[in-house]
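Next come structure tokens for two forms of one protein chain, structure 1 first, structure 2 second.
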Structure 1
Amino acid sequence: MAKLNLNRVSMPKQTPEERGKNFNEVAFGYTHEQALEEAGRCIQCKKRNCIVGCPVGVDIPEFILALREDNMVEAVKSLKAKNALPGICGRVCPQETQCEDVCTLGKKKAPIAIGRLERYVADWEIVHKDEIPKDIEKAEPTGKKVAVVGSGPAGLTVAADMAKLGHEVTMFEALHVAGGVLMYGIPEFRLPKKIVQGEVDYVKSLGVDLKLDSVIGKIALVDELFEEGYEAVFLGTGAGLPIFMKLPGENLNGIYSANEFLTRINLMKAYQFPKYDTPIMIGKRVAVIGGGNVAMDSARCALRLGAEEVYIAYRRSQTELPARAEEVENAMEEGIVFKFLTAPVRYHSDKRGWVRAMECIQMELGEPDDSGRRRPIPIEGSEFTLDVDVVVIAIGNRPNPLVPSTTEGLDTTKWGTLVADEETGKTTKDMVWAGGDIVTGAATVISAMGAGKNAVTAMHKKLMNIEGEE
């Protein structure tokens, strides 16, 4: 057996000093040589562990082999057979807990950089569009109208695949652009909006009719969509309802939900105020509450908007941080100050109603809770105060109740998520399917896409009266 190459090829990035001042993408992506070198490390295992780790089952060894043989067209085809949005997933998947976690070389602490290779192949495709034979086999029109509600990764996946199967698809989106969290949540420096819009354009090119500014539950109820002739409805409305902590002073000026903070910056481009009309308040000291991707994104946005000091207050320790490892590392390099085992208890204001200080309490870790993570317990008498001008609350989101509460027959759980069959996404309402964050609660881009794929299979079968083979 050839000697294992354990030198994971690192990806070139902007220096922390540089990138702290702009919204350009942090990582440049591999060069062709770097991609070939990294791909060359893959040992093409017989037992293909890595595939099992990917929620949509990308044939990783196959696309890496094609890449290694410099057969880019084949690499693109293989990748896209399972993953319609590789440029996005390569950038934002938590690879360290998915494909790369189970890569055979992971045992030697040098898993193949699958995400980076995926990104490389996807970016190559954008530049070399013309070299890829157009063999989108679009099926004969079925004459069936399908409505997709929400245009995040789940909705985009369903719209694209249903259109390819010959159905007439309309996608309704509440906001003025399509893409969901990919547009309003994840910042430009991590996922360029051009890439997301490229995918949206592709979906439209398949014949999907995208209706923006359309809040289902307001402009039309789900039942009215059926009356208008839609025969099946897919709900991919995400988990967009911000959770607050109900602490004294939480509604003071300067205290944002992460959704508002990120929406103002990413969707409304507040970082270009006053060229763009939407303002944002930053101040000198910003505290972000939470430890997930949303918290990292908020903190790094604040830094780029000129905050002098940015804290992340997380109630557990570094080991429990749920954010993508790469982004935690980036945030630390950029100088974000992590206050572990810290939680806010109340906020203090100045006379004009602006937050000025955040009172915190120190935590210690106790026994593991339901989620398997050790439960934080406040240490009595450990209170301390941090001076802050802006606070961003990034402790999570719940599904927006707008659609469930206006639709008869849709059962929800006590967390507000929709009850849906795990394999098919079928809800408790006839001819209505759902997938993504609205079913699972805040999760990942790739799991939303996976749920979309499952729903497509089930919806198509049902619409075409195809008997199950089971």
Structure 2
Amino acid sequence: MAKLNLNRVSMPKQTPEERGKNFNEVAFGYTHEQALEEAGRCIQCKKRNCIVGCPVGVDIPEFILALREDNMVEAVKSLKAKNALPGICGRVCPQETQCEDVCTLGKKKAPIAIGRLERYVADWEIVHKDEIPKDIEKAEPTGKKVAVVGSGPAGLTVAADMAKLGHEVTMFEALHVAGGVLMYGIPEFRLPKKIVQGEVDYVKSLGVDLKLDSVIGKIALVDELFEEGYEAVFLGTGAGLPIFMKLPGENLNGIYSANEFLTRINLMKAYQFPKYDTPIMIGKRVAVIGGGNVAMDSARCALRLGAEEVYIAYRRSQTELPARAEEVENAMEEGIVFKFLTAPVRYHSDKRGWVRAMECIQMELGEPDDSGRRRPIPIEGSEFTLDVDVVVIAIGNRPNPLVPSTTEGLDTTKWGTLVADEETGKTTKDMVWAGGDIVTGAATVISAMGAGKNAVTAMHKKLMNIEGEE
């Protein structure tokens, strides 16, 4: 019996010096030979923990086996049977805390690089799309009309799966392009927009009617959707309302929410200036407040747009950083300076009303708080000042209140999120389900997709009067 290879196949990527000056994708992806080698590490164990660890239930051993046998068409079919967005998930899903975290091989050494293999298969399909059978397995039409509000990861998942089940699906998107946070929030160097658009096009190919520039709550209320003949509604409008810290000077020129900063760069193409004449201010010294993936994205964008010094101020230690380890590592390699145990307390302006300095205080960690992380406590007398030209606030988001405020019977929490059943996504309003950030607050792409999957099961049962419907 051949000796098991315990060493994960590394994925080639741009050097920090190169990538800090461009918006091209950081990682190049596996070659075919590298993908086959990594797939060959999978031991096809009987206890398939990786499937349980996947929020959307992809049969991971099955698609990896097909890849290992160089049956790429079957690998694509297996992967997309449960996941309509594999190219996206292969890039931004935190596999290290989900499917890879419970990989049996991980008990000995490195788990299978499931995300990288998923990305490889998805990218192979793009190049070889003519080799993929065009007949998509769909149920017979049910005659039921379903409205999906929002085309982010939750909405795309629900739209795709409900269409496969035979329902007539219309997806409403407020912006001029579909994809939600995948389009406006995640930078090109981490998630190329052609990948997102390709997977949106796949969802449309299932028969989903996509209506852009359509703000539900303005062009139509949820109750009016029912009057138009829709029998079920899924709300996946995300969490696009930025949270601020309400500090003195926070309204100065040069201080952005991460939403505005990243939307200008990604959706409005400021990174392609002057081809796209989108105004965005980038000074020599930029400070980003926060420690999640959005903070990493903001800091790395600022670097690529020409900032000479970029800081990330985070009030806890590196151990508590919520961002993916891979993104933190990339940011550090690129020269982003991390100011741990640091919190801003006020901002100072120049004579023109632009931010020029950020006053901070050092923190120390106390006992764990409600989040389970150690609570940051200010150290008296430890104040210091950083000279800055631009500040980006990346401490989280809340849902936009438009849909809940215009929909009778739709209960919300004190945080503005929708009240919905954890298992099914059923809201307090009859025939309305919800999932993703509008329910949980800002979270991951794959968790939103998982919530969409749960809602699909419940919605289909209810629409079809299947016994045991939620």
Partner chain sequence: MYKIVSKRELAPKIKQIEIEALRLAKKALPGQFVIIRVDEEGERFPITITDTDSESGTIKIAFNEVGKSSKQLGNLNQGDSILDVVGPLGRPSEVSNFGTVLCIGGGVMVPGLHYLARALRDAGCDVIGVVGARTKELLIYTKEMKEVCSEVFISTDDGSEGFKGLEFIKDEILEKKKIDRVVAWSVAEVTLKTVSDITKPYEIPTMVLLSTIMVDGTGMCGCCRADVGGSTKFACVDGPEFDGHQVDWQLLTSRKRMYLPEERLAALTYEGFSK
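Numbering for residues begins at 1 and runs along the sequence of structure 1. All values reported here derive from a predicted model rather than from experimental measurement. For clarity, a rigid core is taken as the largest C-alpha set superposing within 1.5 Å between two forms.
Assignment of forms: the chain in structure 1 is the form predicted together with its partner chain, the chain in structure 2 is not. Residue displacement note: residue 168 has its CA displaced by at least 2 Å between the two structures (rigid core superposed). With a cut-off of 2 Å and the rigid core superposed, residue 335 has a Cα displacement that falls short of the cut-off between the two structures. Core-superposed comparison between the two structures: the Cα of residue 207 travels 2 Å or more. Taking the core as the fixed frame between the two structures, we note the C-alpha of residue 144 moving 2.9 angstrom.
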